[in-house]
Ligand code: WT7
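What follows is a single chain, given as structure tokens, in the form predicted alone.
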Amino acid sequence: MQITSFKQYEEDYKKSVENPEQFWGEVAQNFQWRKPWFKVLSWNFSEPNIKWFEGAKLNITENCLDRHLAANGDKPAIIWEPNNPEEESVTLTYKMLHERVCRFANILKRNGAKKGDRICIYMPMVPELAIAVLACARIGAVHSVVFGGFSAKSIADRINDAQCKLVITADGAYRGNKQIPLKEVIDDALIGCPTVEKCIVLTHIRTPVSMLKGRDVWWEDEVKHVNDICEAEEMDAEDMLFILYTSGSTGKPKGVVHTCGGYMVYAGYTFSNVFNYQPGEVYFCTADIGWITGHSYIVYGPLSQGATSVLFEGIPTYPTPSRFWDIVEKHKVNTLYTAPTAIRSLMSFGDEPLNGKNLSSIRVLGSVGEPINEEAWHWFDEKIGHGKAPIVDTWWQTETGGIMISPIAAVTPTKPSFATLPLPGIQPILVDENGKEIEGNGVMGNLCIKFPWPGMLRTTYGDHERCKQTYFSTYEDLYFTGDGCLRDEDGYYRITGRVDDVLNVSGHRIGTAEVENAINMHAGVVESAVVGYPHDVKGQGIYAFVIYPEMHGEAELSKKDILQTVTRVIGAIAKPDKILFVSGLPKTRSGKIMRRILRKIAEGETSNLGDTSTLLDPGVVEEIIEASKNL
């Protein structure tokens, strides 16, 4: 299954395109199935309707846990590194993880969960988060993990959309020198969530919490009532495994649905190959399990391959900017997979945090979440990899389930800021605005995928039409990624950024409409428009143009009020970096906001704004330009 040379990559890629069913059928043989498939693939992109490994039966946790017990039961599965470096790290072997997953699976059943139920998980980055995810999968319940930085309203929206029956949370979380009151946020959310029957609460930071009789139970109390024997539920390859909400170009987040069989095969195959994982190595992905990167490359991908995965609760700069390097040295990390935002942030501290740190164990470096700029790529290469560790600059999405375009470590020749070549089974094409394919090299266009792959989304939960409209209707018979892309003279791909109204802030996708809706909920705000602009650390920052005619008191205080509103509605992750108060927005006569103009103003490019003659009031543009100079 593992690609060891560029020649083999070329052969495997050719085979995967010419005979995809045979190719993926052979890859899938490396996993454990209870019953084989009768058909590898049936699909159309017009409905869309995609099925992989039809008729096959499995449970993904048997592949992530049970199958490793005989030979590797005592091998570390998860190494947990807490927020506070003074605390001990925790190592769970495959045997220990298996026991705890089975025990918690029985707790879920004891609290009324069964196959097909949706379960919301809102937890800190502790081993119990991975245990909760795997326990849901073990009993056939569908997990919906919500990142621990979202607000009560955002959680309620997600719980209600998925009609979750249970919530799993903790009293609170540590994040650097802050404490986040998770249970308190959940309590606020659950006021408007009639489908939730039970809430299981883990003690983590020992903060006082409200516990409602009949609804709330303590994780630690429940453990006393169950044993650690839990037969894995038999699942169909196309049964739902999880829902993960992602921002779109319209206000409401979409519940991206991934299924058991294809997702497992794709996450395992891409993990093994992209990182060139070798048995016994220590692999450290710095993402949060609340995002797809954590699902695929902290939990399911590594564990399906019997790897040792490091789980980190803290942030890269706490208590010092040496934290990542201390973890690498302490656990002799071989692969470090992180985000350009983190790399740029650590670069800003200079070389001092690296002094005296032994990073010689690093063999592979990885980048995820957004395109990595050349300066950050070279710093990562020279200072962290010492010019010896290949960098895999991975491009993929929540919807793709796994890495799509990326170098294969120690196999693909790399090029700074390029995701390089598609992985076997991935057939990218570039198209123009009309969907016409742009052939050849040295070209730019909108990135689409013309053939299915096992890890792709199947639908958006409860709204298949939205899935069709968002991903499959822009261009006929193509999956549209929403990204612009350059293909250079060597056929290498470089992602140039979103072409829809979605921002990529610190590697997290945030819909402009979602942020505008939150700003507009603030009393006194008449209207707003949000665009992205280049940000030294985050990649993209959020720039909000706000109409607020009856402002109370000073502008700075009003800005803080708006930021507080956005935090309450979505979460701190979506707070604008800049707010400019304006008397009007550049609109066409039909009432459409010309975001193109606002984008240029936000970027400081005011000399060439293009044609403004179609605007209802061209004078408003001059006023905005003048106001922006003082921001």
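The first residue of the shown sequence is 1; numbering continues from there. Bear in mind the structure is a predicted one, so any value in this text is a computation, not a measurement.
There is another form of this protein, the form predicted together with the ligand, and it is not shown here; the text below is about that form.
- Contact with the ligand in the model of the complex, judged by any heavy atom within 4.5 Å, is made by just one of 286, 309, 276, 504: 504.
- In summary, among the residues 157, 370, 117, 313, the only one with a non-hydrogen atom within 4.5 Å of the ligand in the model of the complex is 370.
- Among heavy atoms of residue 246, some come within 4.5 Å of the ligand in the model of the complex.
- Using a 4.5 angstroms limit between non-hydrogen atoms, residue 394 touches the ligand in the model of the complex.
- Taking the partner from the other structure, the ligand in the model of the complex has no heavy atom within 4.5 Å of any heavy atom of residue 334.
- Using a 4.5 Å cutoff between non-hydrogen atoms, residue 293 counts as a contact of the ligand in the model of the complex.
- The stretch from 341 to 349, 396 to 404, 175 to 183, 107 to 115 that comes within 4.5 Å of the ligand in the model of the complex, counting heavy atoms only, is 396 to 404.
- Proximity of 466, 468 and 478 to the ligand in the model of the complex is absent: no residue of the three has a non-hydrogen atom within 4.5 angstroms.
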